[in-house]
Ligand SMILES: Cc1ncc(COP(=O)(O)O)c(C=O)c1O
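Only one chain is shown below, in structure tokens, and it's the form predicted on its own.
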Amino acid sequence: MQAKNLNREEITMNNDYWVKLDRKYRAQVRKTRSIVLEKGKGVEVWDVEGKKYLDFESGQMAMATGHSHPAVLKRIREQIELLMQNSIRVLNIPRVLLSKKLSEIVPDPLAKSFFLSTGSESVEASLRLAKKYTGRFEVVSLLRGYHGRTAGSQSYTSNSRGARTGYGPLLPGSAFIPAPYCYRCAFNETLPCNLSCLSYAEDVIDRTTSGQPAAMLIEIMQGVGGTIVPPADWVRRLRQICNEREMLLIIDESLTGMGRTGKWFGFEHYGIVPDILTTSKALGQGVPVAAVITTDDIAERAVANGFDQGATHMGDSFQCAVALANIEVIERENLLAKSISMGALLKKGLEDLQTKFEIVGDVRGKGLFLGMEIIESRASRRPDPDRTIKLVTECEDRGLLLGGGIPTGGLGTNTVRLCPPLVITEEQVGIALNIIEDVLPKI
């Protein structure tokens, strides 16, 4: 099919046309669905044929305040007229104000920040920062974790089997410890547990590294690896392990930052504070911006030791102005509280489905960061990726976009992720639950 055979209206209203054009000209480095989205408003998006969907993926987990929020759009228009980008050798006002705002919403002793464009880039920078501060190079991370696909971030990523095949050696000095996956505990414990996974982790650290790595890199709640939420005791003990070995704790909150879990950052649920925090995605409300936030001491000593960071889009005025507007919306509309209330409503509905349908094995998460694991049966607990794909596909046909369903080895393979924008309404939660309940017995 060629564009010259179609008028403009036919092209705009035809998903198939754009899918074929994509297959012809774009390197298919990532599998995609056969939906071509054209516009969005709040929690809803529309494809080029006019079909409406509830977006329970929040775009790519970035649209915390919903698609096309008027206050964010207003700031975008204003900043475009003022200044889009400048050399990193000079300052701009939005960058300074965003640094100030972040220092106000994070707990002490976190205080200093700098900006990049993506989550992967922020992880890379946080690792370089930790290495310059400590003078060491080894890094410990969690099995099933996901931190990106750049060389450094992928070195500490292990969410899917076989993902390293064909890429050659990654960074040396990496060690992996078990994730706190309570539903599938590798140590056959039940809650409350003895934290056997952390006893094992200490042995791994002490036997496979120098015993004093530069850093521990974790997601506070694993996203791509299966929406895994750790017990509070596990988090607190991990913080102690880092302290005892004088290694910095880096928490990657690409997915869980900016109110997603009901607090500004997921680690705040556990009464601990990381040494270095990274966040991206929802920080920029669809505009690529990421932050690395750390303490005065780490920032100053690392710089004194020679740490330097540069990038073309390192805190552009446009990026930072949009991020500021986004944070202001979250504050003004009290979206942290809404994440808690709407998340509780959605989770309760999913737990009700869990009691009705044997293939719903586990429901977990905090706020509007929720996952539903699909299994063959309660007796076997065997993961059922085929049914997972069917569930996501059937829900999509009925106008509900869920995370998961593309067989890339990510998203826990059999875990469906439900992370709608924080502006979601009770009515929209109900519509989504009804769709899922209608689909479950048919797969």
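Each residue number is its position in the shown sequence, starting from 1. Here the structure is a predicted model, which means the values were calculated and not measured.
The form predicted in complex with this ligand is left out here; the points below concern that form.
For the residues Asn159, Ser120, Ser113, Ser141, the 4.5 Å heavy atom test against this ligand in the model of the complex is passed only by Ser120.
Contact with this ligand in the model of the complex, judged by any heavy atom within 4.5 Å, is made by just one of Asp275, Glu219, Asp316, Glu373: Glu219.
With a 4.5 Å cutoff on heavy atoms, Tyr146 counts as touching this ligand in the model of the complex. Within 4.5 Å of any heavy atom of this ligand in the model of the complex lies no heavy atom of Leu98.
Shown alone here, Leu368 lies farther than 4.5 Å from this ligand in the model of the complex, counting heavy atoms only. Taking non-hydrogen atoms only, Val224 approaches this ligand to within 4.5 angstroms in the model of the complex. Picking from 249 to 257, 227 to 235, 69 to 77, 265 to 273 the stretch near this ligand in the model of the complex, with a 4.5 Å limit on heavy atoms, gives 249 to 257.
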